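Coming up is one lone chain in structure tokens, specifically the form predicted on its own.
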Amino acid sequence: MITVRRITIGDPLYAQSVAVRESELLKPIGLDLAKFKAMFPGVEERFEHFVAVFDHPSGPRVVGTALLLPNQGPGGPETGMGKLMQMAVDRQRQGEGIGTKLVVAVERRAFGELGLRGLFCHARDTAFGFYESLGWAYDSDVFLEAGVPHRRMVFHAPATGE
């Protein structure tokens, strides 16, 4: 069974989370966590970290991760917006709905707990369809980020039915 939980950088699962980010996202573009932190000082500590955990007989295993940077807009700090970043699922577990569970957990936190009005992400070209299937919409043309085609995608808080 897969559960999604929010962790801190002091959590024992943090190292596994970093390993998933590095293997699926960072190393393919020539980065690791140390280089990422050098490029974006202080950001790692500001992220809200979400992990998808498989209860393995030998102990919990992180099989997916996502980061939320609250109060971040496309142009920089922006109250009420948030950025979903570095969403990754272990290659062997892709296609099982783990990514959907992670995005739903981030949306629940962003809209239900933090009261944000919208989220955005820079989606790799291979993930456009995934985000579209969850109701996210394109908000830009294709652009290169770290040498990989991306598009900015957005999702707005559901109407409250006032």
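In this text, all values refer to a predicted model and were calculated from it rather than measured experimentally. From 1 onward, residues are counted along the sequence shown.
Separately, the form predicted together with a small molecule exists; it is not shown, and the next lines address it.
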Review point. Taking 25, 96 and 99 as a possible spot, do all three reach the small molecule in the predicted bound form with a heavy atom inside 4.5 Å?
Key: yes
Check your understanding: Out of the stretches listed (124 to 132, 36 to 44, 106 to 114, 50 to 58), which one is close to the small molecule in the predicted bound form, meaning heavy atoms within 4.5 Å?
Key -> 124 to 132
Exercise for review: Answer for residue 81 alone: is it within 4.5 Å of the small molecule in the predicted bound form, judged on heavy atom distances?
Suggested key: no
